[in-house]
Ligand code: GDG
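Let's start with one chain on its own, the form predicted on its own, as structure tokens.
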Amino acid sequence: MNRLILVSNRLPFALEPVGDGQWIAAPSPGGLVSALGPVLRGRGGTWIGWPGVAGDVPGTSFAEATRDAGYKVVPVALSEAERDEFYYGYSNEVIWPLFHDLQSFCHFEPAFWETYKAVNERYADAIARHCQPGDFIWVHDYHLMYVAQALRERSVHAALTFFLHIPFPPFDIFAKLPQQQRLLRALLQFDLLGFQTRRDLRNFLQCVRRVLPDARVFPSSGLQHIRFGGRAIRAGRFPIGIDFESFEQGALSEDVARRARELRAAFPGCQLMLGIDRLDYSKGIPERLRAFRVALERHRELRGRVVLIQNVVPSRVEIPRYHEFKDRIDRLVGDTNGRFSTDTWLPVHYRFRSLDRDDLLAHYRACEIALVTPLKDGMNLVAKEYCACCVDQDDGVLILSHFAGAAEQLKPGAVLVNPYDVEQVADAIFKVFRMSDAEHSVRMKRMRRIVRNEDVFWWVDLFLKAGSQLAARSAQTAGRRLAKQR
């Protein structure tokens, strides 16, 4: 395989002004950056994306701020209007809710699609300027599903691959998308398509069969084969992981251990349950709060002996629906605390803020129970991070939604629930409250083994291996084309 060209909505750096026309590039946290950064540095490559500021990108300052990355960083500029209609509009008011089975939240504004296409074409222009024949181009996520179409129109001859981090919906939901056929045709311009779970892959193939009658799907035990427009496309399941060792070692650090002890000491005699989510209606936070309230109503043993620490990380606050969603959470927290709190016990400790890394790891380590109950999620890495940080004799229990992608891997150890069934979740809370330490340990050891073995580096290797033959074939084709030109 030749160079790797990585393309994502956001760069691994966020630009921040420091005055006098100068900027700094603050590294973005996350497993994707930690996993792919070394690959790009070792193989030689380029990361293309938006730097997080609307308007023109300060060229000299940006180059200076990113010179130590170890690979080439190419910014794509977006105006405020483009950011609003491409990112907040089509990406997050059409695709995001629709692909999470929440179509009633969609805003099908035709102008959003036109801007989405135009921005994807700008990304394609940036890719075309910086790629070479035989390069391996890896595009990430739902913001950039039209990029391959634009690249084919620009006669880019390279291996084009794509990974979708969010779920792919079943046909009866996908069919509500006004651009369903155009979007599927665009996705089938990639050579390799990756999905998180078997369900996502199955849904995608079902949509291809129903929406594009001229496409043919050939089932296989490994990668699925699709023929469309005279081309061969591969599609497969590649569940993303985390940097297990980094989380485990961080949780074992003395500073994190001290913070975890302090957190436990603040709630003497109580089991601690943790909910930690971005502010998003797909995360099932109101349903979780209602389930906890039902658990307190039905099981008096829990009162005074269990505390739910619910941390919500601000996200997409520019979208009005998210303000309304936060108000709903605030009311549910207030209602539960108003009904059940005593002079010495507050059932829900709620915070609306981001946690620094050590504080996050301390919460993972301190809490005996994690409530990860999204209504739908591509993977949900919180579930895996929690398992990695359960370093105290493998103690800890994970209550996990059936509809999180992580459930496919973690079902041997997790307590699986339907987040829409608040009574079932309430009974699961009571079940794990009474669960023996021995069962805690058995369940957690199973999950930690899976999360350790199928980490983010395993995921990168799995995807790149699947695409390596495509890249080799692309390089041979490019070589023959160049020879003919000579």
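Residue positions are given as counts along the sequence shown, with the first one as 1. Owing to the predicted nature of the structure, the values given are computational and were not obtained by experimental measurement.
One more form of this protein should be noted, the form predicted together with this ligand, which is absent from this view; the next part is about it.
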| At 4.5 angstroms, heavy atoms only, are Leu360, Tyr364 and Met379 all close to this ligand in the predicted complex? | yes
| field | Residue stretch of 410-418, 203-211, 324-332, 347-355 approaching this ligand in the predicted complex, non-hydrogen atom distance within 4.5 Å | value | 347-355
| said: By the heavy atom within 4.5 Å rule, which residue out of Ser246, Asn311, Gln271, Ser341 makes contact with this ligand in the predicted complex? | reply: Asn311
| said: Quick check on this chain: which one of Asp135, Glu385, Glu368, Glu93 has a heavy atom within 4.5 Å of this ligand in the predicted complex? | reply: Glu385
| Touches this ligand in the predicted complex: Ser401 (any heavy atom, 4.5 Å) | no
| Is there a non-hydrogen atom of Lys283 within 4.5 angstroms of a non-hydrogen atom of this ligand in the predicted complex? | yes
| query | With the partner left out of view, is Gln196 within 4.5 angstroms of this ligand in the predicted complex by any non-hydrogen atom? | reply | yes
| request: Tell me, yes or no, whether Leu188 is in contact with this ligand in the predicted complex, where a contact means a heavy atom of each within 4.5 Å. | output: no
| remark: Taking this ligand in the predicted complex and a 4.5 Å non-hydrogen atom cutoff, the residues of 150-174 making contact are His165, Ile166
